[in-house]
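Okay, so we've got a single protein chain in two different forms coming up as structure tokens, structure 1 first and structure 2 after it.
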Structure 1
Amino acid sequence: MRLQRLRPNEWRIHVFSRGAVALFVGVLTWLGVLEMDPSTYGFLILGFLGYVVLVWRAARRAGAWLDWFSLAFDVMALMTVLQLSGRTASPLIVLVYLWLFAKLTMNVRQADAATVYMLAASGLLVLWLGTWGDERWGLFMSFQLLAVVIFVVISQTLLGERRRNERDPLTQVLHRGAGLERLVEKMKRNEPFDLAFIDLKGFKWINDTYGHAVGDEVLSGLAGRLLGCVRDQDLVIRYGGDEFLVVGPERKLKERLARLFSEPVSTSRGRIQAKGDIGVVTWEPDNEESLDALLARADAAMYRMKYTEPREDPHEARGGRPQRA
């Protein structure tokens, strides 16, 4: 389960959005729409201002703790507002569902089933405790439980569709567009990482000798191995026809990829020994390096491997003879 770590500017937008909600609640209180004492609203605003000061000062250097603190603050704030504005009769119940979908949208790139269930549980907690004590609480929660279940179903459908749209149909890793977009986001979050540029050797020879269907099996088999080499939060991208990018843990990715080509790939025509060149570079937040410059550096590292490694058997250089299992 992961939450999207926000950058400083995004945190400030995050604060402004909550400020707009606080102002909206104040207007409804002033108009008499909400059954809330104005002095009580004033104390809530003081609490919100304390939260703003903390976020504004900590956002530049904060880690993931600030995301979880923000989640806890949102839950407490929504529960308090519901209790003070009419419980089950509060018109602000809609804010709970707006908040749920806003959190899902903000985390959509990293969201998984656990994230959806965590948000749903948070929403139910807000509704449960925020309306506790009302005489219609039981009936109200029955309908809210159904609404939260609908939220989970819709969210899972949206996430599944998004994942399918981001995947290369053949290899099931990220396609180039989605992968580079994720890579840019990772760079903006100032997280150090290693980037590997992988280029297969003799892939055209495999296609010409065994057919494109077998070539596709080789690509799929290697993509599966790459996915097994990295963590859930890392990236595997099909960059071109027989080229892959892998984003992984700093100073550790090269070791993880060391055995990528050590075993033949199983295909319908037997086991084929695939070969390739791997160039690994490290990206540090202080580099202020663009995406194009980073990719060029990784490409250059791969070419250094291609032209400095010892000569191989000609058959191995072209992809190798098939080996029967």
Structure 2
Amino acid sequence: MRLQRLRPNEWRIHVFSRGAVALFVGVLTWLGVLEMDPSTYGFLILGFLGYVVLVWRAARRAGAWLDWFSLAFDVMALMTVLQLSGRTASPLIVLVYLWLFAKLTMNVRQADAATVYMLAASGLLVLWLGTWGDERWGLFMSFQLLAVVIFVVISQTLLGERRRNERDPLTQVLHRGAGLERLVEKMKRNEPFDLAFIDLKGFKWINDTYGHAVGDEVLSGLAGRLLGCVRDQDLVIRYGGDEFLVVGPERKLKERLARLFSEPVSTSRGRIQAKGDIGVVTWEPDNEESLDALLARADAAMYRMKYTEPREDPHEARGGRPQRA
């Protein structure tokens, strides 16, 4: 379970939308729609301004704590507003649902179901604490429980869509954008890992000889094999047309990938022997290497393998040709 970090430009939207809500609650208080004292409202606004200043100062260099802090702030603020504006009779109940919707849109980018449950639970907590003390509280909460359950059910559609959008449609492994984003997150967590750069040899030739449909089958077959080589928490990324990145266990990835090209791939046009180059490098948390530098190092390791391995056939030097098995 993890809140996705907001990016600096998203903090601006985060503060802006809360400012809009604060302004509107002010107008409603002024018009007498909410049974809230103007002085209470003034105190709430002061608290909100303090929060804005903190976020403003901290957003650029803060760690994950800021996201959790803002979640706690939201829960407290919503709860207070509900308590002060009529509890179960408050017209602002709807804000809790809008808040859930906004959190889901901005903080659950990687379709993590556990985070959705956590958010739904904090929504229920807000509704519970915010309306605590009314007579019809039990009946009210039973209704809100139902509404939050429906909210979670509807979210599943969105989560499914996000999960699909992270994948390359052809091979069903992570596409480049989503994969590199996750790789950066993995580096931030400071655990060592191995990174392999895999470049298929003669893919152009397969496409030209058998047609694009068969080329696609070869790619899907290889992607499936790569997924079979690594553990659940590892990453397989389609980096380019015929290039894959694999992130796997430290110092063990090379042997896991050793038999990748040993068997031919079954396609609708028979079995095709795919060939490729693999460059494996290890990333350690303490050598402070950036993503670009790491990728360049893996790329270089792959080229070392490409030019040092024994060549069976003169074509190999230029792109190489796979054989039909």
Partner chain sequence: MMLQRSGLQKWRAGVFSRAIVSVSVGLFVLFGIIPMEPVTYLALTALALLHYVFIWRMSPRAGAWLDWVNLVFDLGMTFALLQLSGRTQSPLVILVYLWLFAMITVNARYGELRILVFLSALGWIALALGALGGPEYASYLAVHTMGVLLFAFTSLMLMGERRQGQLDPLTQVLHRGAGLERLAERMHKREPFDIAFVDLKGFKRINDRYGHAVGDEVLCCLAGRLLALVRPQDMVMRYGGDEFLVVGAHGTLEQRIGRVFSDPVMTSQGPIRLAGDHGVVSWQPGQDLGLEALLARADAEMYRMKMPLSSA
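FYI, numbering is relative to structure 1, first residue = 1. In this text the structure is predicted, and so the values were computed from the model without any measurement.
> Which one here is the form predicted in complex with the partner chain?
Note: form predicted in complex with the partner chain is structure 2; the other is not.
> Pick from 271, 160, 296, 258: which one is at the hinge where the rigid parts meet as they turn between structures 1 and 2?
Considering the domain motion between structures 1 and 2, the hinge residue is 160.
> Comparing the forms between structures 1 and 2, say how many degrees the smaller rigid part turns relative to the larger part.
When the larger parts are aligned, the smaller part is off by a rotation of 35 degrees.
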